[in-house]
Ligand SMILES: Cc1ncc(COP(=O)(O)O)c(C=O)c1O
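Here you get one chain, nothing else, as structure tokens; it is the form predicted on its own.
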Amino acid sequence: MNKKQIIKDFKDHVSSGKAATYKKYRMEFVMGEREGAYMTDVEGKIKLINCHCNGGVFNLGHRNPEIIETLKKATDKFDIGNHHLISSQRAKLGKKLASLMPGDLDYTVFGVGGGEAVDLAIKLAKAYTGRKNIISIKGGYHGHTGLALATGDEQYREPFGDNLPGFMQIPFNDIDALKKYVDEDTAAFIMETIPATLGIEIPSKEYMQQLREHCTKTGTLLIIDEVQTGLGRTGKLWAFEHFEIQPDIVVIGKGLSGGIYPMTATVFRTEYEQFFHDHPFIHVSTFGGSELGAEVALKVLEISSDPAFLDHVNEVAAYLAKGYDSLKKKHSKYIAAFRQLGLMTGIEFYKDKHGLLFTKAAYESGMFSLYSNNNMKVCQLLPPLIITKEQVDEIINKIDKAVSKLKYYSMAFSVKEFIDKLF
């Protein structure tokens, strides 16, 4: 394939802004072959180990053969289906999700994108409680669609005008702010179990348990966004299990697709389903819960909930932690910390925007990772959950090389001078 022509066509017909950005940063990578933990440029000249996985889409690696075979078999019998009708595959998938959730989280509405799933969660919370206010975390991220966008930081909302009324953000992991602002007028409190865009911030167990207690006390629904943290990423099937709490609504996405077929789920407690008794068609998603996608999601859940699979995640995570420890000692002047819960990890630097520069340095070293946009001191490191210890060694080696490049950049230029001169 002609890479220059692909880039030109993308610039002319998809996004000239993205094309210009990647040209500026000399990162005009066009995905070609991809398999397991790796992706190769369309010309075959650049090979990257994927340590971002599109936020967890590729938890099971690129083109996982079990997932591909499941989809192939599904096409022998199913197609997208019809969202107006009762579906055997949606029923099967809903039942499976209920069996994997704690308590009475027994009902699910399916979608195709995380923002759509969050929108439904917020709509349901407002409809059920009759309240208007929604509280979220500063620096958190829940998507770019209407209600999901309203929960996010101003930088994502400001170009489109004033925010919707009733939406408010409070500081992360702040119990005092929680108790001050979450009250009897709050329909829902929404947060990612571990906010990735904020910099892989891990909340304290005390905070999460007081959050659960205070939401119960005020009648506020607790929405936990597991779009990135769910499906084994943290070493447990659901990250909220680490904190011994039960949410009222759980949002799942990205990895539920198996990297093959878009699928999201908004799972909620049984009592909230009564809202749909009088409004059974109040929320529809034409492609949400596609019967082909349901088959894929069922296979994803089968793999991800297997105790042996979760044991592997924890074993590899412990091995990765040892490598992180050695890197921190070696690069102590530059690396402030590694943030980690299972394979939900990030590298924190002392200087602002070093996370951004590390993204470039890692790319040059043969690894794809992505800085946290709401905290540029941090770069996210989210490898596939199927990686081996040998691949962990490769990741540690590439981080080592990238930080060494970062040292050079830091000594030679200020961050602004570096960006202006090199790009």
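This structure is a prediction, so every number in the text was calculated from the model and none was measured. Residue numbers run from 1 along the displayed sequence.
Just so it is clear, the following notes concern the form predicted in complex with the ligand, a form of the same protein that is not shown.
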query: The ligand contact in the predicted bound form: V227, any heavy atom under 4.5 Å; finding: yes
query: Interface membership of Y141, the ligand in the predicted bound form, 4.5 Å heavy atom rule; finding: yes
query: Contact label in the predicted bound form: R90 to the ligand, heavy atom within 4.5 Å; finding: no
query: Any non-hydrogen atom of G113 within 4.5 angstroms of the ligand in the predicted bound form; finding: yes
query: In the predicted bound form, segment of 76 to 84, 227 to 235, 200 to 208, 165 to 173 with a heavy atom within 4.5 Å of the ligand; finding: 227 to 235
query: Answer option from D119, E295, E192, D248, heavy atom within 4.5 Å of the ligand in the predicted bound form; finding: E192
